[in-house]
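There is one chain below, alone, in structure tokens, taken in the form predicted on its own.
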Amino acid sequence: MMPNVRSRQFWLPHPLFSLFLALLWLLMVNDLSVAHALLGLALGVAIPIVTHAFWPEEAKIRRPLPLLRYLGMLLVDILRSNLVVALRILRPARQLRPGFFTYPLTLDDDFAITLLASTISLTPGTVSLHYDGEANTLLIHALHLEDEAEAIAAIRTRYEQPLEEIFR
């Protein structure tokens, strides 16, 4: 007899997230007792059930291999940006030119736009501040902005174009 798919989706709408929540609970309480493991599992099941109505539809990743390349590149960019920001801040003569700029999006997938905004905020030195859905733009703050056009071109080639390939 096959288990009812709808029943599984109700009790475990996001199984990986449930597992993540249970493990996160165990790490937060720093206790591997049976009671805390059961409580972590209960929270891991209950939280996704209660919040399921607020979740957007599932992302439609069309090409997983480019996603792995994207994640690897993002990790390298985060490490490199950390070093650059640290050097700029620690220099005796701080020659920082902070600035805001508007980034015109070509993405139309909500999940891909969210990933792009998160990516921009994850790389030190830049923060994605506001998404304008009507103009399809992101407002971005950069710790050091020398050339707005260059910053836009870098985001487009390093992040937005790979995301278009992943979600196309």
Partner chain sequence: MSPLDMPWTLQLVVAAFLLVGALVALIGSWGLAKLPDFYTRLHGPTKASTLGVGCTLIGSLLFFSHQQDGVSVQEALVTIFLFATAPVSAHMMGKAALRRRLGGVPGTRNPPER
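Positions refer to the first chain, counted from 1. From a predicted model like this one, the values you see are computed outputs, not experimental measurements.
Beyond what is shown, the protein has a form predicted in complex with its partner chain; the following relates to that form.
In the predicted complex, its partner chain sits beyond 4.5 Å of every heavy atom of residue 70.
Interface residue remark: residue 106 is not counted as part of the site for its partner chain in the predicted complex, having no heavy atom within 4.5 Å. In the predicted complex, residue 150 stays away from its partner chain, with no heavy atom inside 4.5 Å. Mapping the unseen interface onto this chain, residue 135 falls outside it, with no heavy atom inside 4.5 Å of its partner chain in the predicted complex. Taking its partner chain as it sits in the predicted complex, the stretch 125-142 comes within 4.5 angstroms of it through a non-hydrogen atom at 125, 126, 127, 128, 129, 130, 131, 139, 141, 142. Relative to what is shown, residue 23 and residue 69 are closer in the predicted complex; their C-alpha atoms differ in spacing by at least 3 Å.
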